[in-house]
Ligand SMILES: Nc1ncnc2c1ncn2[C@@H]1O[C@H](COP(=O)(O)OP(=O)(O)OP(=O)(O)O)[C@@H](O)[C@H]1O
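Presented below, as structure tokens, is a lone chain in the form predicted on its own.
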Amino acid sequence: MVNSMMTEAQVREALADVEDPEIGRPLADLGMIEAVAVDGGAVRVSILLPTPAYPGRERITEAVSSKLTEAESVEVDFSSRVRGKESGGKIGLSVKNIIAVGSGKGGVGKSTVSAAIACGLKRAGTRVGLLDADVYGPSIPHLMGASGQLTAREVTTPEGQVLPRIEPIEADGVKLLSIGFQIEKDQAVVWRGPMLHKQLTLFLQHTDWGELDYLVIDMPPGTGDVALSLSQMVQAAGAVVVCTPQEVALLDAIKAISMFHTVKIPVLGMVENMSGEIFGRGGTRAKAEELGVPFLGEIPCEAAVRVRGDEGRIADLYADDSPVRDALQHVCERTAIEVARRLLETPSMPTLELL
């Protein structure tokens, strides 16, 4: 224990075994103790969080203060810097973390959850993009209340190659890209696998996303070509699997988890959507525990979700009077923490090379 006239070295020694409550490893080992300042008996400890969407910062304050009880005063302040595996470096994307949001079947609210996670991460103070990879059923433009036609400009690479660069459309501070901006509302997309791969390549490699902390990708339902293409092109930070509580949906969610494992995309966890009296509650949590997959939270079956989605105002679900604000914020925070946890705990996973 340090005394009231402590040194920086003594403070750091006292804090050496204080663990991050989310990741479960010492703050010092994680590089989260950014600075220590000592002024007589007053101590200030600056903590660098791995994401602005960090839940319950007061737990760190309490843990640090409990180790410095002999100090006259202890102040803990926080800053954050999103850590990432530079997911898009292979194809020239300046994106720290790519998060795929998928489901085993349609109709479980995957696109709504994708948009909500993107808006929540933006609200936390990060730079976010949202890519609608559900080519056959693009709904992100409607959910985000965005419209317009995509435009492109030509840029010259350092090697002298001239390439088209698509400009994303922005809504509520989130950069958006969807084939829904290229086709009429009633127009069907009838493509085979190679066309899907080509479109995903265009959206990822030839889009001016700028520098992003997170790129959320709304995957098409089921298991198929888009996940394979994604694993080839980028090193995703992980996948979120959306499910409703009933057994028929859980069966398909298991297939989605198996697909992500097959293409070497880590599963960040499962989200139970539309939880409540109509569809039941708790089925996804139980299945996640059975599979050894993190449970990221449940979103109640509230009319506000449908209303805001129909109005193109998903971001408003985070308003103070929203009945689902706390649930969505919890899912968003758990997702961000799981991204950080895997980055800090596990080595990078290789991308899948297809023959």
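Bear in mind that the values here come from a model prediction, so they are computed numbers and not experimental data. Quick note: we count residues from 1 along the sequence shown, nothing fancier.
Beyond what is shown, the protein has a form predicted in complex with the named molecule; the following relates to that form.
- Looking at the named molecule in the predicted complex, residues G107, I299 and V305 each place a heavy atom within 4.5 Å of it.
- The stretch in contact with the named molecule in the predicted complex, judged by heavy atoms within 4.5 Å, is 272-280, chosen from 199-207, 77-85, 171-179, 272-280.
- Proximity of D213 to the named molecule in the predicted complex: non-hydrogen atoms within 4.5 Å are absent; the residue sits far from the partner.
- When the named molecule is considered in the predicted complex, S111 lines it closely, a heavy atom lying within 4.5 Å.
- Contact annotation: P221 falls within 4.5 Å of the named molecule in the predicted complex, judged by heavy atom distances.
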